[in-house]
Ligand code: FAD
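First comes one chain, alone, set out as structure tokens in the form predicted alone.
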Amino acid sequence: MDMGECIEQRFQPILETKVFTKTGQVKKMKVPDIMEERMSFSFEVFPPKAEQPMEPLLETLEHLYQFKPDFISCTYGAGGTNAGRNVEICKALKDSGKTIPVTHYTCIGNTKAKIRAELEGYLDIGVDHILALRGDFPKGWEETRGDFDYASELVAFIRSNYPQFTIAVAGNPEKHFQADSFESDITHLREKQDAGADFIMTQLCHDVDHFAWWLEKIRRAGVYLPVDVGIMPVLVKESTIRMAVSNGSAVPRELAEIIARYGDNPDDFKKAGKEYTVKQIFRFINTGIDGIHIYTLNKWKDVADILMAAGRKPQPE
């Protein structure tokens, strides 16, 4: 069996993973439990705007479920916009019984009282996994305008008051663009770990060699949490460039050549971009990561093409 076949086999869906207690009872799996057993696999979606129907996303989720994701995370807009629809999606994910819902949650504009009420609301619908973020400032803001200024403070609050939550935090392999240095950025990551985080979900990073350097560097800094890598599919030239620039991410030579060669032909660009994304999945797996997290952009067909080319086959009910 060659290396490609080995990777493809490792990336196949695991249909069932169970953890048993000493009494023989089945224990509810959490994302870190899964990562301890094997590499996890997951998606990210975002809620439609308030005036848009929910049905297209619900249909997309049905297609994504066929790939047996361990969890699906759901974002919401800057400053809490679309937060209500985020709850609606998280509830739909939970009610499906097919995956673990992970809600995003930020410090932006949130008081302790509001945080308590909203966290209890998530628990009431069975959502107990959360990605705790400071959040991006809305246009014109220079602070969170809430009770917490840093994600580490939010993590500590959740861990102290709602220990039933499994807490993910963001990692920035290419450094948060507002951080003064890698050292300060990694120090903040260590603080989030020490405040009670359970695993790391990374921002997009196209430069796998740099990611491997960052992974080694955070381990030397005492960050031991499992790392779930966020992969942004390369599908459209303009959005690929925009998302990289807005996140302070580099465009490696191979991706730059795709942009230069196929940038004026959307169909050829998408084809080359999908092939590039498949290679990225294989490269990240070879760095020794704990999970693959695909930013779907709510486009299941393109994501399905990428996953099947990478060897992860759908498993219809």
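Note that the coordinates shown come from a computational prediction; the quantities given were computed from them, not determined experimentally. So that there is no doubt, residue numbering starts at 1 and follows the sequence shown.
Just so you know, the form predicted in complex with flavin-adenine dinucleotide (FAD) exists too; it's not on screen, but the next bit is about it.
In the predicted bound form, flavin-adenine dinucleotide (FAD) sits within 4.5 Å of a heavy atom belonging to L131. flavin-adenine dinucleotide (FAD) is not drawn, but in the predicted bound form it has a heavy atom within 4.5 Å of K192. Although the partner is absent from this view, M201 contacts flavin-adenine dinucleotide (FAD) in the predicted bound form, with a non-hydrogen atom inside 4.5 angstroms. The shortest heavy atom separation between D136 and flavin-adenine dinucleotide (FAD) in the predicted bound form is within 4.5 Å. Judged against flavin-adenine dinucleotide (FAD) in the predicted bound form with a 4.5 angstroms heavy atom cut-off, the residues H104, N172 and A179 are in contact without exception. Heavy atoms within 4.5 Å of flavin-adenine dinucleotide (FAD) in the predicted bound form are found in one stretch of 87 to 95, 215 to 223, 202 to 210, 114 to 122, which is 202 to 210. Proximity to flavin-adenine dinucleotide (FAD) in the predicted bound form, defined as a heavy atom within 4.5 Å, holds among V227, V234, I167, A151 only for A151. Along 212 to 226, no residue reaches a heavy atom to within 4.5 Å of flavin-adenine dinucleotide (FAD) in the predicted bound form.
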